[in-house]
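Below sits a lone chain in structure tokens, taken as the form predicted alone.
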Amino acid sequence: MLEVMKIKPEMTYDLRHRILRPHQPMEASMYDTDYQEGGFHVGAFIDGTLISIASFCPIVNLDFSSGKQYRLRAMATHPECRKLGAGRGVVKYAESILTKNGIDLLWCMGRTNVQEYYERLGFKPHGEVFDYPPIGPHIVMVKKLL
């Protein structure tokens, strides 16, 4: 059974490193926003094992019409556990927290190879594809919450 809840930042590091940054040192998976005031992290568990993670932080550095926005960062699901709804569960759980707090926009810089996944979650592309060294092509994805 899938269980989704808030988790501590350091619980995200292993999946971030193994899935998102395997060719970089572990330190590259520890972000300056991990302990940012107002930020939080969500994990999905199956039988007590963490299989999916995402971090959410109140970064307002893109020019959107909304002043009440959060950024989704470092979303990852263990490859053997994809297609189980864990990623969707993590995002939906966070969205419920964000909407209760009056946040009306969620955005991320997604890798282009997962753009369709974000679109299925209700995100829309914003702007052009850009290179995010050393990871590769990304696109900003935006979702209105309220």
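Quantities reported herein were computed from a predicted structural model and do not represent experimental measurements. All residue numbers refer to positions in the sequence shown, first residue = 1.
There is another form of the same protein, the form predicted together with a small molecule; it is not shown, and what comes next is about it.
- Of the listed positions (Val114, Ile103, Leu50, Ile59), a single one reaches within 4.5 angstroms of the small molecule by any non-hydrogen atom in the predicted bound form, namely Val114.
- Taking the partner from elsewhere, no residue among Met5, Arg71 and Ala94 has a non-hydrogen atom within 4.5 angstroms of the small molecule in the predicted bound form.
- The shortest heavy atom separation between Gly85 and the small molecule in the predicted bound form is within 4.5 Å.
- Using a 4.5 angstroms limit between non-hydrogen atoms, Tyr118 touches the small molecule in the predicted bound form.
- At a distance threshold of 4.5 angstroms between non-hydrogen atoms, Met30 is out of contact with the small molecule in the predicted bound form.
- Within this chain, Gly110 lines the site of the small molecule in the predicted bound form, having a heavy atom no more than 4.5 Å away.
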